[in-house]
Each structure stands twice: as structure tokens, then as C-alpha cells.
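As C-alpha cells, one chain now follows by itself in the form predicted alone.
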């Protein structure tokens, strides 16, 4: 019994010019690993909720806990991971620390992903 694979070529051929051109464009191993790490960080539902909230408002840990229905400890843990990957930033105002998205790149990544899953 044979299995058909519509997603596989039916002949073995390599388009050498296209392969060579693509290899030239390929980012370094360090860059692909860093990007994979960012996507790994983004692969958590709680962190997605935090990013969504921060896309709309600058919030403190207490606010984020209330918005996401998580404990402050859990939110703080997720924020540490998001900060380590430079996805969020913070500023201190007196005794309160406010978080926001790190920059417009993070907002664009988030918007693109959200747009893709809601189409």
C-alpha cells in the first residue's frame, strides 16, 4: 500500500541557483537561534495575555495580575522572561514599576500574529 504525499516533489531535483541565492540570504546561526528563542518565549498563553494588555496600556504587576487573572508572582516570573528577551521594558515611578512593550517591533510582531490567527 503506497501513501501519497501531495506536499512532496515527485522527482528529486535541486534548483541550484535558487538554493545558492537563498543560502546567501540566510541569517547567521546566532540570529536564527535568537529568533527561535523569542518565538519560544511568545509560545506561552499567559505571556501572550500580558503582551496584549501592554499593547493597550502601561501597567504594573498588580494591574497585569488583575487583567490576566494570574497571581502577581506568576506575572512577575513571565515579565522577567519577557524582559530578558527585550520584549518588554519598565520604568519606576516612586514605589510602582510600570511595564510596557519594548518597542514598535514587538507591537508589530504581536499585531501580525494576532491578525494571522483571526483571519
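Numbering follows the first chain given and starts at 1. For clarity, a rigid core is taken as the largest C-alpha set superposing within 1.5 Å between two forms. Because the structure is a prediction, the values reported are computed rather than measured.
Another form, the form predicted in complex with a further copy of the same chain, is not on view; read the next lines as being about it.
Proximity of residue 87 to a further copy of the same chain in the model of the complex: non-hydrogen atoms within 4.5 Å are present.
a further copy of the same chain is not shown here, but in the model of the complex it comes within 4.5 Å of a heavy atom of residue 32. In the model of the complex, at least one heavy atom of residue 56 sits within 4.5 Å of a heavy atom of a further copy of the same chain. Interface membership of residue 77, defined by any non-hydrogen atom within 4.5 Å of a further copy of the same chain in the model of the complex, is ruled out. In the model of the complex, a further copy of the same chain lies within 4.5 angstroms of at least one heavy atom of each of the following residues of 20-48: 22, 23, 25, 26, 27, 29, 31, 32, 33, 34, 35, 36, 38, 39, 40, 42, 43, 44, 45, 48, in sequence order. The two forms, fitted on the rigid core, differ between this form and the one not shown by less than 2 Å at the CA of residue 98. Relative to the superposed rigid core, residue 45 undergoes a CA displacement smaller than 2 Å between this form and the one not shown.
Relative to the superposed rigid core, residue 76 undergoes a CA displacement smaller than 2 Å between this form and the one not shown.
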